[in-house]
Each structure stands twice: as C-alpha cells, then as structure tokens.
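Here we start with a single chain on its own, the form predicted alone, put down as structure tokens.
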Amino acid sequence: MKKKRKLLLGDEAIAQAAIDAGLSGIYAYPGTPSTEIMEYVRISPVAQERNIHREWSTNEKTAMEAALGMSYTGKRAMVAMKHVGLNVAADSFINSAITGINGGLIVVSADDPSMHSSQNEQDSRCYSHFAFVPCFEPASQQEAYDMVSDAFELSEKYHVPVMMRITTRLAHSRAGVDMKAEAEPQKKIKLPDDPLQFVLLPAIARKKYKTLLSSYETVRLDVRISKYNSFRDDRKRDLGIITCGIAYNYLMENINNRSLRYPVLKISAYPFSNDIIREITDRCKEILILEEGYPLIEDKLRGILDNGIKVYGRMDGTIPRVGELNPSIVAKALGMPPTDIREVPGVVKTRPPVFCKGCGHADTFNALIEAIKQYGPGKVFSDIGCYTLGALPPYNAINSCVDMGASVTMAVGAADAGLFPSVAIIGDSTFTHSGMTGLLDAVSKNSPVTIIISDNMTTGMTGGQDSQATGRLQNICTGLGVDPAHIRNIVPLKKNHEENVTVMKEELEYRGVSVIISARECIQTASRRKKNTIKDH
C-alpha cells in the first residue's frame, strides 16, 4: 500500500504518528504550545473507531500518572504538556524512569523559547538528562512523525519512558508529512512480569536505579538514536557547526545554495555517542554550537572542546542567551549579512492583550477593585489564566502570577505574615489543577483569606477545553471543609455590580476562610455554542 501524505502542524504530526503506532491512550492538560496534540486525537475518526482514550486530565501530574498506569497494562501511551507543565509532573516523570515502563510511554514536552505564552523558557532536555531518559528533538514535522514509532520501540526495548522535546515554532508550523499506509494494531493487555516493578521501596529502587544508569549508557548506541544524529564533513574546516533540532533549519536557510562548506553535526536524539563529537572536533579549529533553549550541549562539551578549540555559542555571547533562534541570528554568528526579514511598518501599532468584550472576568475585577479599595493596594494574589490580564490597565488589580495554583498558597502565606485582607483570585480550571490543595491548607489553619474563583466554565486561555471544575466548585469547596455560610455565589454582570461589591466586602472582613464563586460562561465558548445550536436547527 502507498504511504499517505498530509499537511500537518508539528503537534498534529506527533499525534497522528502516535495513532499510527498503536496508541491506546493519550493524557494531557492544555498548555500552549502542546494543546493541539490532544485536540487532534480527540477529533480523529480513527481514534474514535479504535476507542483510544483521549480525555483531558486535571493537571500534568495526574496525566503523567494515568499514562504510566496504561503503560503498566502493556499498552502504548502518550502524555503531552508544555514545558512548565513538566514541573508539575516532575515527581512522577523522574520516578517513572526508575520504575521503568511496560507498554511504550512517550512524554511530549513543548518548550516555549521567548516566552510567547509562558512564565519562563526552560529547556526540557535538562529534565531528560536529569532523569536519565532518552530524548528526541525533531528538526521537522516529518522527523517528528518518524521519531514517534522509534520512541515507542526504544521505550519498550529498554523499559524506560522516552521524552520528545519540541518548541513553539515546530509545534505551530505546517509541512507535508508522509504517513504509514495503515496504523499498527494496539497492544493487548499484558501485566509486568515482575509484580514489584512499580513498587519503589528503597531496596527495590536502589537496584532499579543501577539498571537505569546501565541502560542509559547502552541506549546511546542504539540505531533508533544514532540514525537521527548525522555528521556531514566538508572542505572548509576552519569552523565546524554543531546544531540541534529545529536550529538545524535556521542553519540550512543560511548555507544552502551558497559557497559555505562547513562540516555540520546535526543532533536530534539524546544521549549520543562521544565518538560523533570527535568526528567534528578532530577536524575543525573552531566550533559554533546552535541549540534552541539552554546551552545544554555547549556547557557539557566545553571541557572537551576548550582543549585548544575555540567554542562559540550562547555562553560566550555569539548567540543571545535568551529568546528564540532565527535565521538572522545564525547568519550573524556565521559572519554573514542577516537574512531578509521585513520590518513591521511604523503605522502598525502593538496592541496589548485585553479581556474579550463582555468577559465575566472583567466584571469580577470591577467589583473587586471597588470592594477592596478602602484597604489600599498590594493585597491581591492571582494566577495563570485569561484573568491574569487584570494586572494590566485599566484594572492594575493583581500583584502576583507565579505558577498554577500559587495565588491561593501565596495568599495563605501573606496572611500568616499578618497581611489583611489577603485575597486570591483564581480560575476554575486552574483551581482544580493546583488550587484545591492550597485551599485545604487554608482550611486546616483557618487562614483569614478570601478566595475568588472566577469561573468561566472552561479552560479559556488555551481555546475552550472542558474544565474539570464545571458544576463541581460548590461541592469541592464544601468537601475541603470551607464553612458553607462563607461559600458565596455571584454572577459577574454589570447589572449585579452593587450586589457583588457588597458580597465581596462582607467576605473580605471575615477573619477565616471564605470562597466567592463568580460564575458566568466564557463569552467565546458561549458564542460558539450558540452558533452550533443555530447550525443544528
């Protein structure tokens, strides 16, 4: 049968490849730039026909653990998240390398250099190295597709999870991808041969850790790794270039069809053999390292390369230490004129992000600003979601946004220090992701905090995915021990402004834990729902 060809985002190529490789379940929490992986599988007719599990998880930790549970049964699983989500899943991710896997398990971590929609630009390759987990870093959509099958096979051969690290530009750009003619069958249930494999008691964990270290040294020689790391020699040996993943494309944009004939080492899979490094260092006087994200390879190779060889990269300033790579940066590092990137005309003005017209978050903030005005500024802790825009004019209403769920716990800590009132404002999806445990802390200590859950009944910032909180917030807060008399429900509409201000003022004065649920459907999901209703009729 002939291969099929399809135009796919990098995220979609990974999702399609997983389906074609016999995937039985995918687990994820939405986060740009990884969201489209799960969304592609969710709407796939093949995934539906094959009954592939494809429901959103409450957070990245639960997603990682559920995927590990599917792997326990011998079936192939994938978990997808953005780079900061891997922080949430780190406990289970790192320990899964020690337990090992049964069915193949791929962890996709989508990094966001330049922080287009993130709090930092951390490099997930550091996690793979830290956990002794093999890592694939595709340079193209086709390579991303091809790597998935190899990653599943590598995972099952060495009984370890495998990471796939992508970045925003690959995740959200399209290219033609040649796909398998038909999907592989799913694996059948086969439980681990060792009934104690997943029991990390210290005596067992010590033995398994030694096995992990040994297999990590072996895996670097496996063809499924080595075939993605290639060295191309050339006659101009004053400079050799080591390039990783998508950075390879920026290099090729500059040297293709030109008389530049540098030796190039392309690295797209880790761990790699030291021999491949010597192939280029033994030939060249100087080395330029191009990698998207942290100077991970540069840092680890400097002890080898500094021995009489000049090294250029992020660490010496040849490449900017922060932000994304692009062809112009690479051209400058090569001593070439920058590639033609047209400047934005002066008539085009930057437009800061604002709440959608009619957004319930805006009405919630308007009520809060009036209610808390008498206490002075600096008393509102917030979180990650659309409502973080409350930090900007005209609201200027929040004083923190650190990580998922931190609004509640920071408010608790500030109250412990004597700040009053101490207020947290958090979204419904973020609350169930990471805010519930903070609320339990507050209840246990009877902290004088006011928690405002701005409930738009969806995961709005990433496109309107289902929220695990919808219809459950009242019961969750009651179950965590909040006094029902201090669980207040309001509807954020202009006509309810005075009533909402009154409720907020009452709860701000309460010297215990209070929760205000400010609930109104996201204006965007409401609009889509109405359009779909009209179409159905």
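We number the residues from 1 along the sequence you see. Here the structure is a predicted model, which means the values were calculated and not measured.
There is another form of this protein, the form predicted in complex with a small molecule, and it is not shown here; the text below is about that form.
With the partner omitted here, the stretch from 480-488, 495-503, 25-33, 66-74 that lies within 4.5 Å of the small molecule by heavy atoms in the model of the complex is 25-33. Taking a 4.5 Å heavy atom cutoff to the small molecule in the model of the complex, the contact residue among 382, 96, 109, 430 is 430. The partner is absent here; in the model of the complex, the one residue of 462, 122, 409, 281 having a heavy atom within 4.5 Å of the small molecule is 462. Although the small molecule is omitted here, in the model of the complex none of 21, 147 and 166 has a heavy atom within 4.5 Å of it.
At the 4.5 Å threshold, heavy atoms of residue 456 reach the small molecule in the model of the complex.
Contact annotation for residue 84: at least one heavy atom lies within 4.5 Å of the small molecule in the model of the complex. Among residues of the shown chain, residue 88 is one whose heavy atoms approach the small molecule to within 4.5 Å in the model of the complex. A residue is said to contact a partner when one of its heavy atoms sits within 4.5 Å of a partner heavy atom; residue 212 fails this definition for the small molecule in the model of the complex, lying far away.
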